[in-house]
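The data below hold one chain only, encoded as structure tokens and taken in the form predicted alone.
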């Protein structure tokens, strides 16, 4: 399941991040790494961006970035 498929309020664990090395490094700096738990806090109108909470840090991602993150729903 992809992060982009979750609904507001859903919780999940990151299984795989299949994206460019630059984006992996940026995400890792915010704690978005394999094994991290997250919750979906909000979506923008049209679901163009998603706001997630990872260990107390709110992070905004573009929809295309969220499609590259594989998660397991809790």
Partner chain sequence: MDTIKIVLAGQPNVGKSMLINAMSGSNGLKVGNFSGVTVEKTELCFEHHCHIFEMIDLPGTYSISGFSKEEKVAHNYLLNEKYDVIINVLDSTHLKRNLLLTLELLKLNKKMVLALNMADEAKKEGIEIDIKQLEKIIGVPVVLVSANTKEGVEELLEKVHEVADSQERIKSNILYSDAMEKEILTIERFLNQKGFKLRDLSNREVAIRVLFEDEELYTQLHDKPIMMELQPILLKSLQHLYTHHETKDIREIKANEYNAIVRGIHLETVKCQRNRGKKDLTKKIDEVLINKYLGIPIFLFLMWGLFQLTFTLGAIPMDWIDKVIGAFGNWVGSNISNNFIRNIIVDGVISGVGAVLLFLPNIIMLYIGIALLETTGYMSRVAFLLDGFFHKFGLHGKSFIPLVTGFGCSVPAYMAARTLKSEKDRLITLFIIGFMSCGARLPIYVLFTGAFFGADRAGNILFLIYISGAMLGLVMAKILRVVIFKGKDEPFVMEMPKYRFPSFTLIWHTVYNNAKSYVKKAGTFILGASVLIWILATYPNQPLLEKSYQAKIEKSSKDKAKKLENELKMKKLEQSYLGKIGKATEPLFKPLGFDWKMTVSLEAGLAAKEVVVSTLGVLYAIGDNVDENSNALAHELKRNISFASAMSFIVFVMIYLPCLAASMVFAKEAGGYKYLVYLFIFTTVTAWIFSFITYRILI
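As the structure is a prediction and not an experimental result, all values here were calculated from the model. Positions refer to the first chain, counted from 1.
What comes next is about the form predicted in complex with the partner chain, which does not appear here.
Put simply, residue 38 is far from the partner chain in the predicted bound form: not one heavy atom of it is within 4.5 Å. Using a 4.5 Å cutoff between non-hydrogen atoms, residue 10 does not count as a contact of the partner chain in the predicted bound form. Interface membership of residue 14, defined by any non-hydrogen atom within 4.5 Å of the partner chain in the predicted bound form, is ruled out. Residues of 39-70 that come within 4.5 Å of the partner chain in the predicted bound form, judged by any heavy atom, are 41, 42, 43, 44, 45, 48, 49, 50, 51, 55, 56, 57, 58, 59, 60, 61, 62, 64, 65 in sequence order.
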